[in-house]
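Same chain, two versions here, written out as structure tokens and called structure 1 and structure 2.
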Structure 1
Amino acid sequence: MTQPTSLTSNKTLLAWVDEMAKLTKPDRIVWCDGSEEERKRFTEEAVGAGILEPLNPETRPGCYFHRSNSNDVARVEHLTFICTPEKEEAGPTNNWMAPADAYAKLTPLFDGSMTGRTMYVVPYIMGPAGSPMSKVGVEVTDSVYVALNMRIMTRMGKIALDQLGDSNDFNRGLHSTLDCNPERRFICHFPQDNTIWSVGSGYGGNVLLGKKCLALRIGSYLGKKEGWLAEHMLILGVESPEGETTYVAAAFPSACGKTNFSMMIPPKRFKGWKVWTVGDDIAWMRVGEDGRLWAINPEAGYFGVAPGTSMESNANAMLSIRSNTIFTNVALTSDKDVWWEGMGTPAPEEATDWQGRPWKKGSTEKAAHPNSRFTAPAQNNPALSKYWDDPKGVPISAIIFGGRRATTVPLVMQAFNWVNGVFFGATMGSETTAAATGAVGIVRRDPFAMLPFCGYNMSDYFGHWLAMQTKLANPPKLFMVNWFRKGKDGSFLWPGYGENMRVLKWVIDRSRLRVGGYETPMGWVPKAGDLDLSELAISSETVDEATSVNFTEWKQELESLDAFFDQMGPRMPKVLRLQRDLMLARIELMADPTVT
């Protein structure tokens, strides 16, 4: 084994890397410094090994294509484990394995797994350098693809080692692609050890250990332990023509337009208004000295889903991936550009599909994998907030919870109070489609959009959110939105995309106590005239339908929560059940004022 030139004198870190090297037995060890020279060298190595393919330097300067193993194209929730001493600590929504059993199962898989390979030691910071809200991690991996992606997604290299210094407070991440055999694929999190072991996968969501693994699963555990929140939320700032900026965090399950919302371009009606992206996926939030909730984006890049991303749906994302981007499992055109379904440009006559097979226009097979990705630096985003890398973070005035619901949930609703808002977050979800499950209209609950990412018992997570109220002298206002409500003819009532700015402005005005609302048994909704509908080609009647509250539908919605609450187990906070009961009682009173 070639001995490395270390970039640190941290004895704890050096001993841990040595221990991992003795286990995995690499031929050589490379400590990543994060330099441009290193990036070029790694890229050349990856191209030479056929791991990356250069794209057209005129249309995609500095961009590369990667094709993963066809059995390794997404997160593997059934092989993702929370490893705590007691099963109840992981809770009913997580796969659990005892730490000793997990280490015993994975150690033989890692034994010699890097023989003939290079071990890359990837030090990184989640969050702005120098921020007290940030965390340092170190991932050792045998994948140059991982090293290059981590350079985009995190503050990677010497900057992280400098922040760590001699401390032993760092996340320990071990990764080996092994042979990408699904039978030997595990992603294990050890919250008490601040450790992640990932084996048998090369897909980003399973192997870029700073992202979902540290930033959410381990992060949420650390947040509860240390009194802060690690959330699957975008962060954006809305600047008025007068220069006033309001910051909003928002949680959306998959396929609900989260990245689009974070990079939204206001419609022409909102001349002078600007939306600035702080983060598109993850927010770490702490209580500031002023009693407000302050948030940072722990990431430094975007790991976005390509299909459906277009100039119409998300122009800023399309502009962000013009250069220095790694594309994974998209289609390749004959002129070495990329293409995917929903890109907004005509399909090429011929291309190479995501599996490397010839593809022709009109084929029934997808050219790009539905979960194909792009990894782009945040600095590429034309709408990047000037405070995106501020160590202090940004103050959050509103938090939004969203889902995909054809009925029941109105376009926008404000919670009466913190507990009411936590109820919104805890019970949020989306309706299934035939393509997803074979059944239509079944609500899949995804609390806080964190169901696959909460690193401990989700009922305790609800309790942590409820307890945060006691620390917040100036809490943000909490809202629920639904862009996907449909009319009787099955068409969407709201146009979405940039027009969501109209809803966002009401959220901001409510947060700043500038506009009224109409009280329903569940929360506040806009009164007629509250939403700015000027230059919008839909009728006020349609908007009324989109914002309406149907008591019969809500009664069914609330009664259906029994099974969900039971699934959460005995630790489910009673106050959330009481919120449900209170809403039902209000509905009954509205339906029959004589009810007592």
Structure 2
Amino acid sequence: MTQPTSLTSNKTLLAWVDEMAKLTKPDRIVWCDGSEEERKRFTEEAVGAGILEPLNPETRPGCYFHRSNSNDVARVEHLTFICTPEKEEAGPTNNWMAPADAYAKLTPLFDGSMTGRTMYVVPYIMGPAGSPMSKVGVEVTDSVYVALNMRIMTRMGKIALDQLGDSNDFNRGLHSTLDCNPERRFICHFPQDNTIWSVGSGYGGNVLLGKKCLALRIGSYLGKKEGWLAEHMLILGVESPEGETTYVAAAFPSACGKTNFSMMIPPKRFKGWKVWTVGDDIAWMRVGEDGRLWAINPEAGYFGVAPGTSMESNANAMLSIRSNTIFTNVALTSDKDVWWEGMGTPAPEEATDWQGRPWKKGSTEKAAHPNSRFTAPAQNNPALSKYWDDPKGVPISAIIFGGRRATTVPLVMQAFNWVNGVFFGATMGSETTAAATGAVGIVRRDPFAMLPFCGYNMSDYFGHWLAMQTKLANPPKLFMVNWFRKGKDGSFLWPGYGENMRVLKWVIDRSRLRVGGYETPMGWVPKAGDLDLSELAISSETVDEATSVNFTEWKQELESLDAFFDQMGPRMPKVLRLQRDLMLARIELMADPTVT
């Protein structure tokens, strides 16, 4: 059944593809080589089938538009499963199915699912080619949209087969779109088999299997086993006017600002400073021989949130999506350009909305879906770090945890030590966003921004983070930030975006032990004068409100963690509860200095 391919003679791979073809029964099998000729051919096929629509070649050369099924526009956490032999291995935060049950449930769905269709065999590398930190995956899919997106998001094709050689060490990914019926939609991970089966969806995070499924869920499992970290983190480099570059990683939950932060343009006040993007969503980090933590970005492109992206908020993203980009679920204008809310250009009088319906300026309905996305090659980014593809990665000096919190969490705070920082990460709260289906704006605990992405027991994941300290002679400093605190009128207190450079500067200076701080019961915050606020267009009262640490709010926050800790179960490291108790005791001490 398998069409002969000259691309590989890897027997394990050929046998597995055969097996998948026997199950799904495609009419044709196409092995992807990743060439430009192949991109053209796939694109023509997709355009012919109405899956992609070409955009205006003058304004958006090489760009295409795609509309997914309107019931299929975000990740589906309730349909995502970790399938380990023991339920306890998946832990208290994941949906679990026994591997045999999951295979038995999904096999009939895949049986003949590709009949009348083409099976694309998509070999890919997560990470720079030749890097000891990289991993190879092969995704077989019946979606040409997936093949074209994987081509942008990963090092795809011959390059991956060459890296794999005859090895059997590759992730086995199987994807079939079916009819996008949510009743028949499952995203199942089999960490012990290095296997992912995804069925019934055509949306990004559910089907671009290298991304959340391999690089985070399977990746985190491998990281625990092999002693490294797979994280939902951006990686950036900050270059000072003197030419000193400091690398920072930051974990913010989905749709909470990673892409923006990683491409940030410093404000005028920071003349001569430059932020370079290494990655915008995922970091794989290992301990180097020098005892520092070294990070690579396993991806090769950006699958970014479109709404809110403008020349003002993120010029580098806007410049990244001028060419060779696929847009999904945005609005389409009559001159075949794209538009979304917060794009910074006036709304068109008329457009076609994300569901393909006529849309008029002033409509109460959104033209673009709040989770509409662009897929753009990293090479398009003017701020791309020259080390983004370096097999060694970059050395990380600081790690930042941040959520979307209207109250309590100050603009920035530094942990006293590693355990304190792991506590910051573990107890992160954030309001839910449109990146996953379900209610938006509800505060939930999203430990390390990994709640939807940790491929094993979250308590063991905390333990893994704690244990990393013993391997790091030169650990990064750990911080917490919040760009989303609101004032009484409900508007954001901090202007965010490029102005976040002011916070980043403090973070870097703290990491390099050259700026002051003030000790609160929870961590270090900038002293008056430590944050550079000159030429900032907001009042000092507003800055005070954004940076303040309110003991009453924090007492509530810390007390509310009981429920979370109870949910984490008996495997949760005790030191995290002690950390919480210590903070509460310190608050009491500060509120009543007579307590002993």
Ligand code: SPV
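What you see is a predicted model; the values in this text were computed from it and never measured. We call the rigid core whatever largest set of C-alpha positions still superposes within 1.5 Å between the two forms. Quick note, the numbers are simply positions in structure 1, starting from 1.
- Structures 1 and 2, same chain in two forms; the form predicted on its own is found in structure 1.
- Thr542 is among the residues whose C-alpha shifts by 2 Å or more between structures 1 and 2 once the rigid core is aligned.
- Core-superposed comparison between structures 1 and 2: CA of Gly112 displaced by less than 2 Å.
- After superposing the rigid core, the Cα of Arg292 is displaced by less than 2 Å between structures 1 and 2.
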